[in-house]
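Here we start with a single chain on its own, the form predicted alone, put down as structure tokens.
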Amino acid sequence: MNSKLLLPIALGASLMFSISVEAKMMNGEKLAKEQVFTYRLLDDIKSFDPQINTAVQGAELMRDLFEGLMNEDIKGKLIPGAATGFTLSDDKLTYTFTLRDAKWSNGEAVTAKDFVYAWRRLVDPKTASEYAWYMELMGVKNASKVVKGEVTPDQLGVRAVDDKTFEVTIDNALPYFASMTVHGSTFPVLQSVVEKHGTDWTKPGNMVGNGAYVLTDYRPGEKVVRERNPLYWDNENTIVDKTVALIINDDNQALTRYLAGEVDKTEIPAGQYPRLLKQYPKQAYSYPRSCSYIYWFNIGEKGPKSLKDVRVRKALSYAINREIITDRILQGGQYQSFNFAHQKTAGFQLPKIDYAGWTQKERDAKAVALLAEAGYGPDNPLSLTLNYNTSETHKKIAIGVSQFWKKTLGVKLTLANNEWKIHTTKQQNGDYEVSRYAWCGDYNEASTYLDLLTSYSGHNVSGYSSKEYDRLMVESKTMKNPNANYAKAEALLAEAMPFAPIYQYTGVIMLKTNLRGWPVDNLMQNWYSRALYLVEE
């Protein structure tokens, strides 16, 4: 289905900042008197610190509270952010960003030194950021050495030429480098505030940001409120005055509150998109979104002996009926997945994975044979525990998978549910056997997925390590067309099976008909409250 056919014209159009103050009009529509955008958050926020946050929903807040060098528009096109633009040296190894005249929310000027501090802070081992590796992926000079503690953070390849000029030196030419600065881990933070308040610097009242909004209220497990920052450089073209995120773990409860008018945007519960599209054709949306849903297999030191056997991992992956998950459980246009990188990623050529071309009957037969070879069967059933974070959708998928594995392989599966913070902490600590996970791209290029499985990745919690895989990904950074290496990397993952790919995302949401500016055509789904507005109904 072509989701564009479902979109109101104003949502599909580029946002034009031409506000008529007198008439309070926007793109020919009268603005609503109250500009408050309220949406549903599935999980509580683990951290409000740009260099510490790892969650997609946390990143949504980062883009409001802070601003990086570059932003994206509603189509996903790279546009100026805290920088008005950049120049690139002839050898394509030095980026020079020119910062605009902008202020922090406390009135201080935003300078290149603030970016230098934040980027050094990201890779500093003392920060212990799970995203320190991101600067290695960016190829910033000496990033790997700083992360490993071989040199001090001041040796990182960044410098403030002057207050308005930020210079970055990278090891190899990287065509998508500038787009990587949209990621929250690269956002500036004010050193004096961090040092004054320590770990409390992100609390309302303490936090100082350079974004279009400030954090005014945070109630753990309940809500997060950010309000317009009058000192933001483009405040006069910002329309939404307040954004309220309500933390609602239950998908159906979130939908009920949406239909009651309490929220303007929420995710559609699994299996309900067809019905809601018929009932609310101007509110229900499905469009490609850069995320892949997987089940990690713990093959690290703490993982069970059974999962050390690749035959067991392959058997478990093959026995998952992805068609039932996408077409019967989810029903939101999601794609069956047999690889890692999202198939709609820019420039990516979906590789041929052998078992993707088999029928489910063939996959099941192969799974039974492999598990028997590994020594498991009726007389020695395989027992495992599957962890998933709180969500009705995750629960439905987990129950479905447990049935596939029991019926086909005789696996005794125990389901264990935890809220997001505990769930991700267990993954990072290796305290799991099989664990639900989803990776959403940080930028629109396949390496944002495939780099995750390198041995130096800060998010590779599987225990998988391959010198050949690492070589392919390092080599890809200097290739004009890296798709050949990406295909080989995907083949290695299919052979080693450190995780079971299950499906690739679509955004399946409900949007109020008077909301404008949602980036339905941006695969990365990088949205900003300052780009939204509400019109009178």
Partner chain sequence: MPGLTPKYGTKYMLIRKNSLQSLADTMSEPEIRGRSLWADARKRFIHNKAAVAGLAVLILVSVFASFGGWLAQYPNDEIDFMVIGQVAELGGPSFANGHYFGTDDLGRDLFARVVQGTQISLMVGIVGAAIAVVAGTLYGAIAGYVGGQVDNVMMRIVDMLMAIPYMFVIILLLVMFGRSISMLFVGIGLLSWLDMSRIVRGQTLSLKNKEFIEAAQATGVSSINIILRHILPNLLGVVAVYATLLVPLMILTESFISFLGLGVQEPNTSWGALISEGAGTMQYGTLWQLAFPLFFFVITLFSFFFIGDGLRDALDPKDR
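Numbering follows the first chain given and starts at 1. Please read these numbers as outputs of a predicted model, since none were measured by experiment.
Although it is not shown, the form predicted in complex with the partner chain is what the next lines describe.
- Picking from 231 to 239, 358 to 366, 334 to 342, 270 to 278 the stretch near the partner chain in the model of the complex, with a 4.5 Å limit on heavy atoms, gives 270 to 278.
- Taking non-hydrogen atoms only, L255 approaches the partner chain to within 4.5 angstroms in the model of the complex.
- Contact annotation for K396: at least one heavy atom lies within 4.5 Å of the partner chain in the model of the complex.
- Shown alone here, E419 lies within 4.5 Å of the partner chain in the model of the complex, counting heavy atoms only.
- The partner chain is not shown here, but in the model of the complex it comes within 4.5 Å of a heavy atom of G400.
- Contact here is defined as any heavy atom lying within 4.5 Å of the partner chain in the model of the complex, and by that definition each of I329, T390 and F404 is a contact residue.
- With the partner omitted from this view, the residue of L350, V310, I324, L78 that lies near the partner chain in the model of the complex is I324 [heavy atom within 4.5 Å].
- The contact residue chosen from A372, L415, A160, A178 relative to the partner chain in the model of the complex is L415, the criterion being a non-hydrogen atom within 4.5 angstroms.
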